[in-house]
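There is one chain below, alone, in structure tokens, taken in the form predicted on its own.
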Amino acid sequence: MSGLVAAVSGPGPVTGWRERLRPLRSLAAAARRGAFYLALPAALIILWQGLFELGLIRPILLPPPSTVARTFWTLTASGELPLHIAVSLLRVLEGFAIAAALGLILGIGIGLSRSLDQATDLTIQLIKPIPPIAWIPLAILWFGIGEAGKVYIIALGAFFPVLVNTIDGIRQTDHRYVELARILEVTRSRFIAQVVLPGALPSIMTGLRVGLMVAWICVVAAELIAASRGVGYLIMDARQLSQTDQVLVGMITIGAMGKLLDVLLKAAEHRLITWKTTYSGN
């Protein structure tokens, strides 16, 4: 009878307060995570500004965060910085798309075919160590000083991380699955589609994320090719004019854009690989 009364009367006062406080506890936990996430950058900015106020840093060599923030606002309000960002972002996305498509296709082919692996291994191992910036003279000769040369440099830099991680992901297929597929007489195409490629997906996504990071690194080198717009051009032009604050604005912008795109790729990875578990520490 008492159980029936409790069920009808609903949860007790303690349980009710717990339910009401649950959103607040979640919000507090999120705030703690955000504060912990931002603690180190905030500490570095405060230290940086403090060293400037004490006269230990020359503004021409390293302007304070307050000056960098004002320059960032001025360039943004004038529309100059958004224009440079849009141009560089388009170049990065074009080069990365080409690198991702070629890297995935060739990587899957090499990972699945021993003959193709043997045919391409020496060429890949010879070209892979060459930094993208070393290709700039040839890019100018081949493509001129237009957009094609810049996209080529970016695509070349992003290509090999995608290629190598795709090959490694396919080759790390668990041998137990291979033996099980042979016992069950699973067709090769079905085994590749349902076992090999899904198993290689974490490594492939890692290659895409690294390739995208390298693409942003290469955009500065790519925009050395007679560019008149882009974040890399902004940095190089400011360096020639000794405008250190604009150099820092460009550097921070590249870092922020790279981080934003990496977050988007990471979110896509979580949606595609729901079964993946990772160690995140204590």
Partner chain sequence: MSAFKIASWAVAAALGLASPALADEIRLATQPIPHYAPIFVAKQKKWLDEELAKVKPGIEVKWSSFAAGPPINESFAAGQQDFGFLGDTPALIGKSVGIDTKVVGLTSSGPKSLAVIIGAGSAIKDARELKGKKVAVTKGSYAQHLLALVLEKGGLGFSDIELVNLPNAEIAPAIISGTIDAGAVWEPVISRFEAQKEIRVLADGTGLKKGVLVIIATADFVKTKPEQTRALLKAYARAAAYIKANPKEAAELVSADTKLAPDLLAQVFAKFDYNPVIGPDDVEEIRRAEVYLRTIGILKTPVDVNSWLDRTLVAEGGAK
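All values derive from a computational prediction rather than experimental measurement. Numbering follows the first chain given and starts at 1.
In what follows, reference is made to the form predicted together with its partner chain, a form of this protein that is not presented.
Undergrad: Considering non-hydrogen atoms and a 4.5 Å limit, which listed residue (Ala77, Ala134, Ile145, Leu93) is close to its partner chain in the predicted bound form?
TA: Contact with its partner chain in the predicted bound form is made by Ile145 alone.
Undergrad: Which one, Ala69, Leu47, Leu241, Ala39, lies within 4.5 Å of its partner chain in the predicted bound form by heavy atoms?
TA: None of the other options qualify; the answer is Leu241.
Undergrad: Verify the contact flag for Leu54: yes if a non-hydrogen atom of it lies within 4.5 Å of a non-hydrogen atom of its partner chain in the predicted bound form, no if not.
TA: Flag for Leu54 set to no.
Undergrad: According to a 4.5 angstroms non-hydrogen atom cut-off, is Ile60 in contact with its partner chain in the predicted bound form?
TA: Yes.
Undergrad: Counting only heavy atoms and a 4.5 Å cutoff, which of 211 to 219, 229 to 237, 39 to 47, 248 to 256 contacts its partner chain in the predicted bound form?
TA: Of the stretches listed, the one contacting the partner is 229 to 237.
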